[in-house]
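A single chain, nothing else alongside it, follows as structure tokens in the form predicted alone.
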Amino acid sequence: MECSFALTGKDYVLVAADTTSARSIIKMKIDEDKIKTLSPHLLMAYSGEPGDTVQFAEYIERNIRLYHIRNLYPLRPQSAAAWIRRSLAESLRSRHPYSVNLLVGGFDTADQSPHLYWIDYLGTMATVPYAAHGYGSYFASSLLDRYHNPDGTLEEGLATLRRAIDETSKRLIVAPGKYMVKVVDKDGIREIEL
């Protein structure tokens, strides 16, 4: 019952993911970090099959880091999202496809703008101002649509994110209890409390 949410603001991207690791009806862990830091201004929230998600996230993290080492500069968010989508699409056409849904958010230091990409397990990618994956998306999508302000401050973005999480907690029968929230902006990535 994984849930992940993300939204952009004037100069930031907010990403939230639940911290529950469960299989069937068993809750195994309640402090799982499902948001991977890929570079100083790029992060990725992942959900899906437990083994696939961790393996794919680590594969992406290592290859983006390798690109940075080889070329002495990090990938921009647009390029990173396109490469991640291609990697997922190539795995889909192999014998061992990854069943992973992703929200890739980053801040482009070259043009000083935030970027958010929604990628599903079939390799479909869309550039979006806000996004959600998992069962929480059924409840949060309309709230994000109504309250999202593309020029909003970080406090407004946090309030919108809080509304989406509260609505999911209220309506979803097996709602996750705790969420990890990270923000990426011109200063880099940091974890914040809701």
Partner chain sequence: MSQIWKYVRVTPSGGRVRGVPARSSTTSISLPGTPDHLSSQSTLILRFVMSIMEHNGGSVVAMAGKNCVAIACDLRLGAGAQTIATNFEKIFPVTDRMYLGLAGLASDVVTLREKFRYLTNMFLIKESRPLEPSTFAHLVSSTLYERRFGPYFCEPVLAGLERTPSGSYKPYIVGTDLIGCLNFAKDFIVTGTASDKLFGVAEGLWEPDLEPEDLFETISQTLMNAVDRDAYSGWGAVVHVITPDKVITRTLKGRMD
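Quick caveat: nothing in here was measured; it's all calculated off a predicted structure. Positions refer to the first chain, counted from 1.
Here the subject shifts to the form predicted together with its partner chain, a form of this protein not shown in this document.
Trainee: Quick one: which of 161-169, 51-59, 136-144, 33-41 gets within 4.5 Å of its partner chain in the predicted complex, going by heavy atoms?
Mentor: That would be stretch 136-144.
Trainee: Does at least one non-hydrogen atom of L154 fall within 4.5 angstroms of its partner chain in the predicted complex?
Mentor: Output for L154 is no: heavy atoms all beyond 4.5 Å of its partner chain.
Trainee: Look up in the predicted complex whether T124 has a non-hydrogen atom within 4.5 angstroms of its partner chain, and give yes or no.
Mentor: Yes, T124 lies within 4.5 Å of its partner chain in the predicted complex.
Trainee: Is R93 a contact residue for its partner chain in the predicted complex, using a 4.5 Å heavy atom cut-off?
Mentor: Judged by the heavy-atom cut-off of 4.5 Å, R93 is in contact with its partner chain in the predicted complex.
Trainee: Can you tell me which bits of 84-100 touch its partner chain in the predicted complex, meaning any heavy atom within 4.5 Å?
Mentor: R85, R86, A89, R93, in sequence order.
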